[in-house]
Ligand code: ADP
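Heads up, the chain below is alone and in the form predicted alone; it's given as structure tokens.
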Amino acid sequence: MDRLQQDIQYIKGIGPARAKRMNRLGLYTLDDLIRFFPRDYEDRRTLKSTSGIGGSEKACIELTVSTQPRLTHVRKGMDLLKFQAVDEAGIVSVTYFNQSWLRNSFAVGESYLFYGEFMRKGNRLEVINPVFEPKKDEGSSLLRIMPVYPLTAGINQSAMRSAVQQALEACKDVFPEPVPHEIRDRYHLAASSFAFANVHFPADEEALSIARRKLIFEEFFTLACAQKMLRGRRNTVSGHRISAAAPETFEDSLPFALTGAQKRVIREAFDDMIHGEHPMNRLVQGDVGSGKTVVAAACCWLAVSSGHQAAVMAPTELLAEQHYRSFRSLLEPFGIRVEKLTGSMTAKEKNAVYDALENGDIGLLVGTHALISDKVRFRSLAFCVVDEQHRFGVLQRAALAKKGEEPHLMVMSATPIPRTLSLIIYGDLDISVIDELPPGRQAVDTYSVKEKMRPRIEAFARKQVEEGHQVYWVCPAVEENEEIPNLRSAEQTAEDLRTRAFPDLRVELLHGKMKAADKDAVMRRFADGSADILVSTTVVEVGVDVPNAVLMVVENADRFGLSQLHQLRGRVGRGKSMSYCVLFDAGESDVSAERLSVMCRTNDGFQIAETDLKLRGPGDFLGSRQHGLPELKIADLAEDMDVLRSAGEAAQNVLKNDAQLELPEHSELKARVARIIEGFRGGMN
């Protein structure tokens, strides 16, 4: 197994410099390389004739070189190697850029196999930088299914294929096999040696299908084992004993009526905290504006009323302050002292909080990641809330929980996630869904428009500002990108709106590359009404309530996931005025139009999430979220749910007979599961 951890720089043809480039792809060891699965495949097995090429097509053609290769120096740093080659039906112009060493590789009258993008220009074809090999009487390394990998600057497909091929050869007798033999037999799964070889360089479609099924099963199986062991480990410790209290006591104190969904989730959490034998670990999912804060406040009230303390951690200072005000208004009528702790407070202010917290004078502490600093000591922390939890790393969540002795934990998320996906991402948590919006919550009218509508949208934005309202204007990028010319950047858009469209209005710019203090300052100005239009990247996806903002404009909306668009739309519709969302669609495809039409038809975040999963796959939910879930390298949650169910069933059976994976045949599985759990919780404790 040590061989799997060998540094890739020692592979022939890589070396330290190329290894550094490959490190950017997350490739450090041989094990990383054999698990670096292709993103696509090229089927080069069928030979074509030049007569079969219409406009532009990738193909493999046998050609005979008909003119002497000629090398031309176009300018400094640009060499062209050109020659003509023919088959019985036509002529092909072959060009290689900056590959002068190939000059002596071609001989007039000799036949070669060429694979590349052939483009028809009148009666002739041309191809640039094709891969090739001399025509052989037997066998060919070119006429096969070839893997296509994600790349980085300085690494081409040829180099990547060579590196993977060498890694496979070096590891052929030590391929990791976490799926026990009896499970492979029961579910008719291939051995790892076959699976890894054929997922990279498949003999045919059937071999590729068999290989993928084994590796997909393996991913789901090890993940399911890790989650079941986590849940089992949680069930070995006792949670804080919370005194029984009627939720009506809290609910009756509120100046508004709760929805049925809010009451149901409060009762689920109370049942965990009062009657559960183990610490609560509950995810509360609810659409933007569904009232998750009140549910969390009810649980804080329950914990503090029982003589303990509670903590609420939010991802930004602004959101922490908003929570501080909300929780204080909900809990102070019960005599509960609520304080805040953020990084920008003075040392004197922080020290006063530290002392009062350790003495037990503070019932609820609301803050940012400042809550997990060493100086924070609770007298009796019994309940923790982590808001917008995907914004925190798993280590931060674990560090907050360690401030108490097995406190009850509630994580809240306004990102609607399909149930099938929730079972994977949050398999170790119990899940509650607030699937009702409070009465009076505004539905947001949503429109998908093309560029020609820009003057009308700008006029509509001006009208909203003139009526005393505010506008969000969201862009997909911070700066211009020459490689994507039609991508609207926040900097470019802010400058355009300031100088051309709204020179008389107050336009602010907000993006993730700004310092935290500068971001907070901009957001404060917008929140207190000192700015009319906020041009931003998606950093506003999770932010403070600005009830006066009634219009959300999203540039290049076709480049966002639907669930992310739904999150952005949730920034408006928080006041009493009618609110709107305008999505600029720069896409050309029917799929793009279909996706955005869903946003226009419904405000139901869970329906949108299910559609997003079908149309776009799980990337929008798993992409950059710090949920601790190991990246699924080959499984597709939109396509492989049947395999997921089988893998979960298999994990259940294995752990039923060997709960701690102590049997010798489970050693590789145990090691893999330990690594996954380390990712989930930041450690095995």
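What you are looking at is a predicted structure, and each value in this text was computed from that prediction instead of being measured. Residues carry their position along the shown sequence, with the first being 1.
The form predicted in complex with adenosine-5'-diphosphate is left out here; the points below concern that form.
adenosine-5'-diphosphate in the model of the complex comes within 4.5 Å of a heavy atom belonging to residue 574.
Contact annotation: residue 293 falls within 4.5 Å of adenosine-5'-diphosphate in the model of the complex, judged by heavy atom distances. Although the partner is absent here, residue 281 lies well away from adenosine-5'-diphosphate in the model of the complex, with no heavy atom inside 4.5 Å. Contact annotation: residue 287 falls within 4.5 Å of adenosine-5'-diphosphate in the model of the complex, judged by heavy atom distances. Stretch 259-267 is the contacting one of 300-308, 532-540, 259-267, 487-495, since its residues have non-hydrogen atoms within 4.5 Å of adenosine-5'-diphosphate in the model of the complex. This chain lacks the partner; the member of 120, 144, 402, 441 within 4.5 angstroms of adenosine-5'-diphosphate in the model of the complex by a non-hydrogen atom is 441. Contacts of stretch 15-44 with adenosine-5'-diphosphate in the model of the complex, defined by any heavy atom lying within 4.5 Å, are made by none of its residues.
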